[in-house]
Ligand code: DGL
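First, one chain by itself in C-alpha coordinates, the form predicted alone.
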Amino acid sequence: MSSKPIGIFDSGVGGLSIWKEIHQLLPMESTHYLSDSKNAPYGPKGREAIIALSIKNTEWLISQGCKLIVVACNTATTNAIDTLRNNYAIPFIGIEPAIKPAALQSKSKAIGILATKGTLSSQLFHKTSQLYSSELLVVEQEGNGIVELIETGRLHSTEMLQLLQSYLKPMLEANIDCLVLGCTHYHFLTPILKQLLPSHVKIIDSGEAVARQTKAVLEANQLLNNKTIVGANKVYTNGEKSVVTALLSSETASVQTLEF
(Lines give C-alpha, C1' and ligand atoms only; values in the text may rest on other atoms or scores of the structure.)
Protein backbone atom coordinates (compact mmCIF):
# COMPACT_ATOMS: atom_id res chain seq x y z
CA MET A 1 0.00 0.00 0.00
CA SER A 2 2.85 2.45 0.69
CA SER A 3 3.57 2.85 -3.04
CA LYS A 4 -0.07 3.68 -3.84
CA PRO A 5 -0.93 7.33 -4.64
CA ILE A 6 -2.31 10.00 -2.34
CA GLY A 7 -5.74 11.14 -3.51
CA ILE A 8 -6.67 14.83 -3.39
CA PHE A 9 -9.93 16.45 -4.44
CA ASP A 10 -11.45 19.90 -4.54
CA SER A 11 -14.40 21.66 -6.12
CA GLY A 12 -12.12 22.84 -8.89
CA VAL A 13 -8.52 23.97 -9.22
CA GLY A 14 -8.13 25.65 -5.82
CA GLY A 15 -6.76 22.56 -4.11
CA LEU A 16 -3.76 22.63 -6.42
CA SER A 17 -2.35 25.01 -3.80
CA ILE A 18 -2.58 22.13 -1.31
CA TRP A 19 -1.19 19.66 -3.85
CA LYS A 20 1.88 21.88 -4.34
CA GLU A 21 2.61 21.90 -0.59
CA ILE A 22 2.21 18.11 -0.36
CA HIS A 23 4.39 17.55 -3.43
CA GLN A 24 7.08 19.86 -2.06
CA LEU A 25 7.15 18.11 1.33
CA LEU A 26 6.70 14.55 0.00
CA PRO A 27 8.27 14.43 -3.49
CA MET A 28 8.54 10.62 -3.47
CA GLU A 29 4.78 10.23 -3.10
CA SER A 30 2.61 9.72 -6.17
CA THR A 31 -0.59 11.77 -6.29
CA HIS A 32 -3.95 11.79 -8.04
CA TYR A 33 -5.63 15.20 -7.97
CA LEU A 34 -9.32 15.42 -8.92
CA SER A 35 -10.61 18.85 -9.92
CA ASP A 36 -14.43 18.88 -9.95
CA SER A 37 -14.59 22.20 -11.79
CA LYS A 38 -17.92 21.34 -13.40
CA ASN A 39 -19.60 21.64 -10.00
CA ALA A 40 -17.58 24.58 -8.63
CA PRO A 41 -18.18 26.28 -6.33
CA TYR A 42 -19.57 23.89 -3.71
CA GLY A 43 -20.36 26.70 -1.25
CA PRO A 44 -23.93 27.62 -2.35
CA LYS A 45 -25.07 24.04 -2.98
CA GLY A 46 -26.25 23.07 0.51
CA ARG A 47 -24.97 20.38 2.86
CA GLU A 48 -26.63 17.31 1.29
CA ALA A 49 -25.40 18.15 -2.20
CA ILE A 50 -21.88 18.81 -0.89
CA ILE A 51 -21.84 15.44 0.88
CA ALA A 52 -23.06 13.66 -2.28
CA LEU A 53 -20.34 15.29 -4.41
CA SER A 54 -17.69 14.47 -1.80
CA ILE A 55 -18.76 10.82 -1.77
CA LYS A 56 -18.61 10.70 -5.57
CA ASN A 57 -15.09 12.17 -5.56
CA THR A 58 -13.96 9.83 -2.80
CA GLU A 59 -15.23 6.70 -4.50
CA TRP A 60 -13.53 7.65 -7.76
CA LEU A 61 -10.18 8.18 -6.01
CA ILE A 62 -10.56 4.89 -4.14
CA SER A 63 -11.25 3.17 -7.48
CA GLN A 64 -7.87 4.53 -8.62
CA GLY A 65 -6.16 2.79 -5.69
CA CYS A 66 -5.51 5.82 -3.46
CA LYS A 67 -4.22 5.00 0.03
CA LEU A 68 -5.24 8.28 1.70
CA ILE A 69 -7.51 11.14 0.65
CA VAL A 70 -6.95 14.83 1.25
CA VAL A 71 -10.18 16.82 1.12
CA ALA A 72 -8.54 19.97 -0.25
CA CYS A 73 -11.72 22.00 0.01
CA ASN A 74 -12.81 23.97 3.05
CA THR A 75 -16.50 23.61 2.18
CA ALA A 76 -16.30 19.85 1.63
CA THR A 77 -14.31 19.39 4.84
CA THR A 78 -16.64 21.38 7.04
CA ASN A 79 -19.76 19.72 5.62
CA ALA A 80 -18.75 16.19 4.64
CA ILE A 81 -15.58 14.88 6.25
CA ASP A 82 -17.33 13.23 9.21
CA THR A 83 -19.53 11.29 6.76
CA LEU A 84 -16.51 10.23 4.74
CA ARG A 85 -14.57 9.06 7.78
CA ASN A 86 -17.57 7.09 9.01
CA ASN A 87 -18.11 5.30 5.70
CA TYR A 88 -14.64 4.56 4.30
CA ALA A 89 -11.72 2.73 5.88
CA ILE A 90 -8.84 4.80 4.49
CA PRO A 91 -7.48 7.89 6.30
CA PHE A 92 -8.80 11.36 5.42
CA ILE A 93 -7.11 14.72 5.86
CA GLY A 94 -9.36 17.77 6.00
CA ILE A 95 -8.83 21.49 5.74
CA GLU A 96 -10.52 24.37 7.50
CA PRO A 97 -9.80 28.10 7.88
CA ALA A 98 -6.67 28.79 9.95
CA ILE A 99 -8.47 30.74 12.67
CA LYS A 100 -6.26 29.49 15.51
CA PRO A 101 -2.91 30.79 14.15
CA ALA A 102 -4.57 34.08 13.20
CA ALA A 103 -6.00 34.47 16.71
CA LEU A 104 -2.61 33.75 18.27
CA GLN A 105 -0.73 36.16 16.00
CA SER A 106 -3.13 39.10 15.95
CA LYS A 107 -1.93 42.16 17.87
CA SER A 108 -4.85 44.41 16.94
CA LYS A 109 -7.29 41.68 18.08
CA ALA A 110 -9.12 41.98 14.78
CA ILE A 111 -8.91 39.42 11.99
CA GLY A 112 -10.61 39.02 8.62
CA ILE A 113 -11.89 35.75 7.19
CA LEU A 114 -12.53 35.46 3.47
CA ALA A 115 -14.41 32.23 2.74
CA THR A 116 -17.31 30.66 0.87
CA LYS A 117 -20.88 30.63 2.12
CA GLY A 118 -20.68 26.85 2.61
CA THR A 119 -17.73 27.21 4.97
CA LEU A 120 -18.94 30.23 6.92
CA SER A 121 -22.34 28.64 7.56
CA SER A 122 -21.04 25.20 8.61
CA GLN A 123 -21.18 23.85 12.16
CA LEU A 124 -17.47 22.99 12.16
CA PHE A 125 -16.51 26.54 11.23
CA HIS A 126 -18.69 28.03 13.97
CA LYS A 127 -17.28 25.61 16.54
CA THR A 128 -13.69 26.48 15.60
CA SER A 129 -14.43 30.20 15.45
CA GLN A 130 -16.04 30.24 18.90
CA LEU A 131 -13.16 28.24 20.35
CA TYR A 132 -10.37 30.55 19.23
CA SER A 133 -11.86 33.97 18.51
CA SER A 134 -14.05 34.77 21.51
CA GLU A 135 -11.83 37.75 22.40
CA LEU A 136 -11.37 38.96 18.83
CA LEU A 137 -13.26 41.10 16.40
CA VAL A 138 -13.82 38.76 13.45
CA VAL A 139 -14.88 40.27 10.13
CA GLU A 140 -16.35 37.51 7.95
CA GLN A 141 -16.76 37.99 4.24
CA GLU A 142 -18.27 35.65 1.65
CA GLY A 143 -16.04 35.62 -1.42
CA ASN A 144 -18.91 35.56 -3.90
CA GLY A 145 -17.68 35.33 -7.48
CA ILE A 146 -14.01 34.66 -6.74
CA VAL A 147 -14.03 30.92 -7.45
CA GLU A 148 -15.92 31.43 -10.71
CA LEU A 149 -13.37 33.98 -11.92
CA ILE A 150 -10.43 31.69 -11.09
CA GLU A 151 -12.12 28.68 -12.71
CA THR A 152 -12.63 30.63 -15.93
CA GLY A 153 -9.06 31.93 -16.14
CA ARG A 154 -9.81 35.47 -14.94
CA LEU A 155 -7.55 35.50 -11.89
CA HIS A 156 -5.86 38.75 -12.92
CA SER A 157 -8.93 40.51 -14.30
CA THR A 158 -10.22 43.99 -13.46
CA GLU A 159 -13.38 42.34 -12.15
CA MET A 160 -11.35 40.32 -9.65
CA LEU A 161 -9.50 43.43 -8.47
CA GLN A 162 -12.77 45.30 -7.91
CA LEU A 163 -14.30 42.36 -6.01
CA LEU A 164 -11.32 42.08 -3.69
CA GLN A 165 -11.25 45.82 -3.02
CA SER A 166 -14.91 45.74 -1.97
CA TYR A 167 -14.43 42.65 0.22
CA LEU A 168 -11.35 44.05 1.97
CA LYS A 169 -12.81 47.49 2.68
CA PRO A 170 -14.76 46.57 5.87
CA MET A 171 -11.83 44.50 7.09
CA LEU A 172 -9.38 47.37 6.75
CA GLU A 173 -11.87 49.71 8.43
CA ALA A 174 -11.89 47.27 11.37
CA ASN A 175 -8.07 47.45 11.57
CA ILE A 176 -7.40 43.75 10.93
CA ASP A 177 -3.80 42.57 11.04
CA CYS A 178 -4.44 38.99 9.87
CA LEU A 179 -6.43 37.80 6.86
CA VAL A 180 -7.47 34.15 6.87
CA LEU A 181 -8.02 32.61 3.45
CA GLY A 182 -10.86 30.15 3.98
CA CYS A 183 -10.95 28.59 0.50
CA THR A 184 -8.11 26.81 -1.28
CA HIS A 185 -8.81 28.81 -4.46
CA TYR A 186 -7.95 31.98 -2.57
CA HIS A 187 -4.28 31.00 -2.20
CA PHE A 188 -3.80 32.08 -5.82
CA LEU A 189 -4.97 35.59 -4.85
CA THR A 190 -1.99 36.12 -2.55
CA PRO A 191 0.11 38.31 -4.91
CA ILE A 192 -2.93 40.54 -5.58
CA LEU A 193 -3.87 40.72 -1.90
CA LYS A 194 -0.34 41.78 -0.98
CA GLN A 195 -0.73 44.76 -3.30
CA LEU A 196 -4.08 45.73 -1.77
CA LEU A 197 -3.29 45.21 1.92
CA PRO A 198 -1.00 47.22 4.21
CA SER A 199 2.34 45.47 4.69
CA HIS A 200 1.63 44.65 8.35
CA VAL A 201 -1.43 42.51 7.52
CA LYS A 202 -0.43 38.84 7.50
CA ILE A 203 -2.12 36.50 5.01
CA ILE A 204 -2.73 33.05 6.47
CA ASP A 205 -3.81 29.87 4.72
CA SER A 206 -3.64 26.18 5.62
CA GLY A 207 -1.46 24.65 2.90
CA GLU A 208 1.74 23.93 4.83
CA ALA A 209 -0.16 22.63 7.85
CA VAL A 210 -2.17 20.22 5.67
CA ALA A 211 1.02 18.89 4.07
CA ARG A 212 2.60 18.30 7.49
CA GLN A 213 -0.54 16.55 8.72
CA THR A 214 -0.58 14.37 5.60
CA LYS A 215 2.97 13.25 6.31
CA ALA A 216 2.16 12.55 9.97
CA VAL A 217 -0.90 10.44 9.12
CA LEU A 218 1.03 8.47 6.48
CA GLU A 219 3.75 7.74 9.04
CA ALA A 220 1.24 6.77 11.74
CA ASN A 221 -0.45 4.32 9.37
CA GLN A 222 2.84 2.98 7.93
CA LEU A 223 1.84 4.26 4.49
CA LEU A 224 4.79 6.56 3.79
CA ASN A 225 6.49 5.71 0.50
CA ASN A 226 10.15 4.98 1.28
CA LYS A 227 11.22 4.43 -2.32
CA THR A 228 13.92 6.71 -3.74
CA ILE A 229 12.13 7.28 -7.05
CA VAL A 230 10.23 10.57 -7.43
CA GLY A 231 6.50 9.95 -7.49
CA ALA A 232 4.18 10.30 -10.50
CA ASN A 233 1.63 13.12 -10.29
CA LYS A 234 -1.62 13.08 -12.22
CA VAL A 235 -4.24 15.83 -12.36
CA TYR A 236 -7.74 15.06 -13.61
CA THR A 237 -10.26 17.78 -14.42
CA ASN A 238 -13.79 17.93 -15.79
CA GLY A 239 -13.26 21.62 -16.56
CA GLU A 240 -10.90 23.63 -18.76
CA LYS A 241 -7.49 21.97 -19.03
CA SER A 242 -5.84 25.31 -19.82
CA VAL A 243 -6.84 26.73 -16.41
CA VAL A 244 -5.15 23.81 -14.66
CA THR A 245 -1.93 24.03 -16.67
CA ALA A 246 -1.71 27.80 -16.09
CA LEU A 247 -1.86 27.34 -12.31
CA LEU A 248 0.60 24.43 -12.34
CA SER A 249 3.17 26.54 -14.26
CA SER A 250 6.44 24.58 -14.11
CA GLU A 251 5.27 21.88 -11.71
CA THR A 252 5.71 18.27 -12.84
CA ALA A 253 2.29 16.70 -13.32
CA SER A 254 0.35 15.26 -16.21
CA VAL A 255 -3.09 16.82 -16.83
CA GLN A 256 -6.01 14.86 -18.23
CA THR A 257 -9.62 15.80 -18.88
CA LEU A 258 -12.22 13.52 -17.35
CA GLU A 259 -15.92 13.00 -17.96
CA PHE A 260 -17.03 13.08 -14.37
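Predicted model only: the values in this text are computed from it and were never measured. Numbering starts at 1 and follows the sequence shown.
Form predicted together with the ligand: not shown, discussed below.
Given a 4.5 Å cut-off on heavy atoms, tell me which of 157-165, 127-135, 70-78, 101-109 is the interface stretch with the ligand in the model of the complex.
Looking at the other structure, the answer is 70-78.
I'd like to know if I113 sits close to the ligand in the model of the complex, meaning any non-hydrogen atom pair within 4.5 angstroms.
Heavy-atom contact with the ligand at 4.5 Å: absent for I113.
Might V147 be said to contact the ligand in the model of the complex, defining contact as any heavy atom within 4.5 Å?
Within the cut-off, so yes.
So, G207 and the ligand: in the model of the complex, are they within 4.5 Å at any heavy atom pair?
So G207 does not count as contacting the ligand.
Just checking whether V180 would be counted as a contact of the ligand in the model of the complex - the rule being heavy atoms within 4.5 angstroms.
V180 lies outside the contact set for the ligand.
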